[in-house]
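Given as structure tokens, the chain that follows is alone and in the form predicted on its own.
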């Protein structure tokens, strides 16, 4: 479900026309629906009730501080994977006790930042990290609350670049060695074991891999408790997918995911923590672009847009599909034209879609890429010295620019010429 619908012949974000936003700030831009973000967060809290739980939004999917504040005001925690994301969460007003620090490469200064600023838990991913965290916490005379991320060797059946729970992936400690590593953690100073962490991947479209992983976590909970560890929190990660095409099979709903969690681990007396990102933010955002040219090639039509791979890299990086729709509603009986949809960057990889049938378009028309709220703006760059795309948040019939497009002067002024040149 989202709040992007055609009204009076034009695509709207909630109650405001995308043409109005485009006229005010020019294209390309990202636009997010506050109502959609709110509803998707609430779906998870409803799905896990009445279990004690916390839903921690994965900041890596959409890190704008305004969006984090919106979700934080609803009660969301935050899952961060860098010191920068930790700072974003705090800037959004999220208290430390609702921030979880994940990631395989936490540096000591990042550990120090989180320990002094407040932290819910560190999801520890390796023995060297565990020892470093103990040293940093001891030097500060503080205690680091931890879970240890275990790798259950479960195939998430997702894209290889976003699978995280197989034995060959870099994430976590092999579940076969978990008891050994927990024993070491218990011996280390300034470390407090509070639970177990698992995360098997992103964009999962079926529940079976979750079930396989969570059954292993339930067994491990019993084993660790038998070893004397107080396991009171299970961090079950995120990864539930979204439909990127209106014609694709719908992934499982949060309510079904919640029922699975209750069935497998609901009787363990643990607080349940999950870290969704894509399902909360993915369908809550659009990328809006303008047609620059329509170019006739050898047996094909190129639809050249002012958005490019530096604005939305998922198609180039993951061969990802995004539905592309005209902002002005086409007639019901239009005859589709087949386009290769591309951007202006000097890379063949700057291609959004090949052979895509769309309503006929002309220069200056607006198009919208659906389901770009997750891993869209956060992965944007200034390649080809193209300014970072602005972000807009809509609530009902008004909007605000929540990240400005930088000027070329601002971009160039970040570079410095040494005095010897």
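Just so it is clear, the model here is predicted, and its values are computed rather than measured. Numbering follows the first chain given and starts at 1.
Omitted from view is the form predicted in complex with a small molecule, to which the following refers.
Interface residue remark: residue 375 is counted as part of the site for the small molecule in the predicted bound form, having a heavy atom within 4.5 Å.
By the criterion of a heavy atom within 4.5 Å, residue 79 is counted among the residues contacting the small molecule in the predicted bound form. Looking at residue 359, you'd find every heavy atom of it more than 4.5 angstroms from the small molecule in the predicted bound form. Although the partner is absent here, residue 151 sits far enough away that none of its heavy atoms falls within 4.5 Å of the small molecule in the predicted bound form. The partner is not drawn, yet in the predicted bound form one stretch among 135 to 143, 273 to 281, 343 to 351, 299 to 307 has residues with heavy atoms inside 4.5 Å of the small molecule: 273 to 281. A heavy atom within 4.5 Å of the small molecule in the predicted bound form is found for one listed residue only; from 35, 379, 368, 65, this is 379. Site annotation in the predicted bound form: the residue of 238, 172, 254, 195 reaching within 4.5 Å of the small molecule with a heavy atom is 238.
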